[in-house]
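Let's start with one chain on its own, the form predicted on its own, as structure tokens.
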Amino acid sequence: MTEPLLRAKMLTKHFVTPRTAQTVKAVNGVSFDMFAGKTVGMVGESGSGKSTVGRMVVRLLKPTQGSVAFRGQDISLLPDRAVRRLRVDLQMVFQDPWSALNPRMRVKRIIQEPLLLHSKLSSSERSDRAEEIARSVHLNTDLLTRFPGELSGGQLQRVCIARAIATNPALIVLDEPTSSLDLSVRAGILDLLQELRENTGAAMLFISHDLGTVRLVSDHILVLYLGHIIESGPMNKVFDEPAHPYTQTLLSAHLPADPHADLHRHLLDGEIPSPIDMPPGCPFSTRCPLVREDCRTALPPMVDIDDGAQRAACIRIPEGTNQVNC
């Protein structure tokens, strides 16, 4: 079996609030593998811990517990100086392109910055490489002399992607890269990401709450709830045969492209609990329509489904009573 490019094991991240000294349990024991040339989609409601996981993967955050092994090396506790050398291979594209770019730098300088830090190219070689990268992301080279404030949202996101791929990274984390863009621009960015993956072989972690977008770009799906992975598996399997009641509910809220398609919504009571005051047992127990008393006593383990490619954390799965009625 091919060794994973990156292996996250029991990743946990807790934050302490400065005023009240309360503990925010943002991520709680997340484990998954990533392979070269494959895209892992991570979905869940706002506050589920998706962005925190992404930042730990590229070591912008140190985990409270757990490990991240990149090419077999545990990078979770490396000193900052050693992490800096990893930036060649680990890059991130942030959600808001307007705040991710230095407004006082021209676009060409922004794209050249990783090359200046992580390569031995001469000034003229960096200039040529920046133009080559701009063309690869379908960005008009005439825009390289402009400042970020002179570009549209779609153009800015292409600049962010160009900066991220400048060093030919092995893995890219994309945190809601299309959420601030309109639909026509979003389609262009998704086509670009698919093209880049095919051309570079980079692994991608695609974080989003947009289920339609995740389905288009992902090979494997991770479903997060309150900092826990509650279901994982191949994209088609999770979307077509969701096993966890939360995944079923989440997918039922997605609007299909066909306006005449039958909608079978699963409505939930209440709000997602606070990560400061986590419920005992299953994290979904406070809202699950299939909850029973033993769901509230212990955290359910991940259960293998069929051949084990798909897994979900629900104690009802072995007995076949895990499907939410329409």
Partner chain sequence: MAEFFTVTQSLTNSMFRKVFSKVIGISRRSPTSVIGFVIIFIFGFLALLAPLLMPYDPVSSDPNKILNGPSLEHWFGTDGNGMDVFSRVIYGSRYGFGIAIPTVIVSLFLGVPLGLYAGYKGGNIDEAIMRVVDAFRVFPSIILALAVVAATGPSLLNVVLVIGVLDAPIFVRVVRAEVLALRSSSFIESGIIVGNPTWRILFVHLLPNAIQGATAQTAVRAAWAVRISATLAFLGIGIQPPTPEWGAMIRQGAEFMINGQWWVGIFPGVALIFMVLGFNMFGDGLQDLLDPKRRSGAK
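Keep in mind the model is a prediction, meaning the values are calculated, not measured. Positions refer to the first chain, counted from 1.
As for the form predicted together with the partner chain, it is not shown, yet the points below apply to it.
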| item | value |
| --- | --- |
| Non-hydrogen atom contact Arg106 with the partner chain in the predicted complex at 4.5 angstroms | no |
| is_contact(Phe94, the partner chain) in the predicted complex, heavy atom dist at most 4.5 Å | yes |
| 4.5 Å heavy atom contact, Ile75 to the partner chain in the predicted complex | no |
| Partner contact for Ala100 in the predicted complex: the partner chain, 4.5 angstroms, heavy atom | yes |
| Interface residue in the predicted complex among Val291, Leu60, Ala36, Ile276, criterion: non-hydrogen atom within 4.5 angstroms of the partner chain | Leu60 |
| Heavy atom within 4.5 Å of the partner chain in the predicted complex - residue from Arg135, His209, Arg84, Arg71 | Arg84 |
| Heavy atom contact within 4.5 Å of the partner chain in the predicted complex, the stretch among 116-124, 136-144, 149-157, 195-203 | 116-124 |
